[in-house]
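Take a look at this one chain, the form predicted on its own, written out in structure tokens.
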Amino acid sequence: MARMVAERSDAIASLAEVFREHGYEGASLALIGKATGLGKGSLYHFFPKGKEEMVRAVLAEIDQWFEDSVYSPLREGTDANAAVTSMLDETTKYFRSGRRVCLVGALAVANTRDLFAQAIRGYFIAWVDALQSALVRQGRDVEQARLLSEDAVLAIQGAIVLSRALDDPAVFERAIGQLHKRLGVEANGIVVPATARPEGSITPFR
């Protein structure tokens, strides 16, 4: 049953799931209306520019969630190790151990990529930059922290794709477990100081 929609913000969660499941092109107004409980007139009342405006609203909501739950703690947290652990925990919950499509990643490889290029680029740059700042506070040099940050985001995105392709959330969970080790924060909460890690354990993976 569609949720009650009284204002524009009420429709965002339902819209996000429609676009995750069907993509930009496949998300027809009929599917959107069924998910939101809104007729065509109401949809255009809330989103005068149609599907493009709907996606932009969803992307803004996603960006705000990541800013509050992931980026800001990574950039500003006094305990860098706790911030990295929280990032891995929060993204695992957000992506439901790989069961949930990353809409930004899906848009990045779709034909509509250029339409939302600024938001897509901003999402990935903000994530890499924020994680890099936490890894620098862990004690790593700037270049190494950058490479590890890029590889971590790449690993998470790749794990989502592979776990969904194989219909096996354990794939995602194993990838997150490996990231705990590579980023220096063990899944059981034991922190491995950056200066104490063996050389091989901090080499960015490609």
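The shown structure was predicted, so the numbers you read here are calculated from the model rather than taken from an experiment. Residue numbers here begin at 1 and follow the sequence given.
Same protein, other form: the form predicted in complex with another copy of the chain, not shown, and the subject of what follows.
Name the stretch, out of 40-48, 140-148, 66-74, 53-61, where some heavy atom lies within 4.5 Å of another copy of the chain in the model of the complex. In short, 140-148.
Is residue 111 a contact residue for another copy of the chain in the model of the complex, using a 4.5 Å heavy atom cut-off? Although another copy of the chain is absent here, residue 111 would touch it in the model of the complex, with heavy atoms inside 4.5 Å.
Is residue 21 close to another copy of the chain in the model of the complex, meaning a heavy atom pair under 4.5 Å apart or at it? Close contact exists here: in the model of the complex, residue 21 approaches another copy of the chain to within 4.5 Å, heavy atoms only.
Residue 34, heavy atom within 4.5 angstroms of another copy of the chain in the model of the complex: Taking the distances in the model of the complex, the answer for residue 34 is no, it never comes within 4.5 Å of another copy of the chain.
Is there any non-hydrogen atom of residue 165 lying within 4.5 Å of another copy of the chain in the model of the complex? Yes, residue 165 lies within 4.5 Å of another copy of the chain in the model of the complex.
Verify the flagged residues 106, 153 and 159 against another copy of the chain in the model of the complex: is each one within 4.5 Å by a non-hydrogen atom? All three within 4.5 Å in the model of the complex.
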